[in-house]
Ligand code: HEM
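Only one chain is given next, in structure tokens, and it is the form predicted on its own.
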């Protein structure tokens, strides 16, 4: 995977024109030639697996708190600032520990088991329509629909509002890209305000109609949950719900889209999966490794430290390139090969340590059900046209993917 670009000039703030098509060649070059690469803004890009693991595993040194970064990016009075500095993913212990403990009420084993029949029914319904039509636009017809239906069911969001939720989610998450323009900033702020207003009304309605909630709904559970006598404040509750609705479908949607794309591009793997159904779990893990849905995470050093043998001053922001770590040949033999039987597969796509993704079990359950049922029912899937990848850096998003039944 040779790279003819002068890697010393690489910057996440101004990536090469062909970066979106194939970021992995740049990650490989950085890992080999500049594994502690400094961006022009003074931030540091980490591409080695061991370096990313070291940052993930030491929250006492490597902070997830983004108040300084987001204060500079959004301004401390911006709704985007309030959301992204209150969301559980961007805060440190002890607040992180307290909020996550309450937040975990949505992801107990019992809660997930209750959703399995619903996930199966949703997937089978999508596949029935696929069979009738003979073709499918994967994102709109399956990979977006499934996770957004599930997470909206969990929070009791009416079906009529689910496209609205998606538009807010895209606007809020787009603001996390390394650089955004004024329109994206304004749209993201407006989305936070509208999302909060919507959730306030939804919580109020649920409280006044307690008998109309589905048995699997967790909105009021989150609102009423206590740990050590503490509850979520209204601000915390609203932003954890926004985060849950955003993260609950963004990662899963991309995981499902990429999984279908890679399997169709590797038809031998479809045959292997159908002949050895127990490969479904490693297959899901390989999809997550091979095309990390979230490509970049960040941490900031809160004391002078070192990583990979290199000194890092206090206050330095590092970009953990998850997608590069997931293809580090020091951890993954033949890393650019898609292999659904790969074991072990300790990818970093759900993070690591105290901030490991709270919804990772739900995402894995959705993927296992969707992939198993899709490829068993349609073993001869064909690409109608190449996948269209969105021009985003933090998220590896398939915008469109057309397939046919044969």
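Everything numeric in this text was worked out from a predicted model, so none of it was measured. Numbering follows the first chain given and starts at 1.
Although it is not shown, the form predicted together with the named molecule is what the next lines describe.
Notebook entry, point to check: Of the residues 172, 241, 138, 151, which one places a heavy atom within 4.5 Å of the named molecule in the predicted bound form?
Noted result: That would be 151.
Notebook entry, point to check: the named molecule isn't shown here, but in the predicted bound form which of 44, 358, 30, 55 has a heavy atom within 4.5 Å of it?
Noted result: Flagged contact: 358.
Notebook entry, point to check: Do residue 252 and the named molecule share at least one heavy atom pair within 4.5 Å in the predicted bound form?
Noted result: Within the cut-off, so yes.
Next item on the list: May I ask you to check whether residue 307 falls inside a 4.5 Å heavy atom distance of the named molecule in the predicted bound form?
Entry: Although the named molecule is absent here, residue 307 would stay clear of it in the predicted bound form, with no heavy atoms inside 4.5 Å.
Item checked: Touches the named molecule in the predicted bound form: residue 247 (any heavy atom, 4.5 Å) -> Answer yes; at least one heavy atom of residue 247 falls within 4.5 Å of the named molecule in the predicted bound form.
Next item on the list: Using a 4.5 Å heavy atom cut-off, state whether residue 261 contacts the named molecule in the predicted bound form.
Entry: No, no contact at 4.5 Å.
Next item on the list: Could you tell me which of 198-206, 263-271, 94-102, 311-319 sits within 4.5 Å of the named molecule in the predicted bound form, going by non-hydrogen atoms?
Entry: Going through the listed ranges, the match is 94-102.
Next item on the list: Enumerate the residues of 348-372 that have a non-hydrogen atom within 4.5 Å of the named molecule in the predicted bound form, in sequence order, or give none.
Entry: The stretch touches the partner through 349, 350, 351, 354, 355, 356, 357, 358, 359, 362, 363.
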